[in-house]
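Given next, in structure tokens, is a single chain: the form predicted on its own.
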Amino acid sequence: MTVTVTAGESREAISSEELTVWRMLQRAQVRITRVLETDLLVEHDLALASYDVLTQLSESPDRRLRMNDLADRVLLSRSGLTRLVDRLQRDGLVEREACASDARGLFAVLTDDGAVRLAEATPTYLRGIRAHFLDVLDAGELRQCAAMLNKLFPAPAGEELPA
């Protein structure tokens, strides 16, 4: 069976099997994300997006990133990141600092309290990834998954998995 999807003047045919695979991918991502979110909220009062921001900052030089760069890394809009960083700043997990080279630019900076909270939450996050993704797939399936995802969105240099 072929499903025809119309978008404006354009018409693209997608088989029901192709559409099913697409929907399965979406559901898998949403379900795993919800489990991780719930675990982090229940055990650490930390939303998954907040965990992601703290992780990105902890992995950056001097535990800081320009707000625009951080928004790109955590896949949030600029305004969405601003609201999230406002909450993290109120909680003492992140600070904002002015950029010396650009009066309009701001850095988000991980605080010591933010680093502690991240360290406390990381085992929960990793346990969830292991239980709901890694342990479900064998080594060959993981390599296959990585290869397929790399075709969709190539990994930055140095982050590719060995064949």
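Remember, it's a predicted structure, so these values are computed and weren't measured experimentally. So that there is no doubt, residue numbering starts at 1 and follows the sequence shown.
Omitted from view is the form predicted together with the DNA, to which the following refers.
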In the predicted bound form, Asp102 touching the DNA (heavy atom, 4.5 Å): yes
Is Asn68 a contact residue for the DNA in the predicted bound form, using a 4.5 Å heavy atom cut-off? yes
Distance check, Arg34 to the DNA in the predicted bound form, heavy atom within 4.5 Å: yes
Interface membership of Arg87, the DNA in the predicted bound form, 4.5 Å heavy atom rule: yes
The DNA in the predicted bound form: within 4.5 Å of a heavy atom of each of Arg83, Arg96 and Leu106? yes
Within 4.5 Å, heavy atoms only, which of Ile129, Ala49, Ala28, Ala115 is in contact with the DNA in the predicted bound form? Ala49
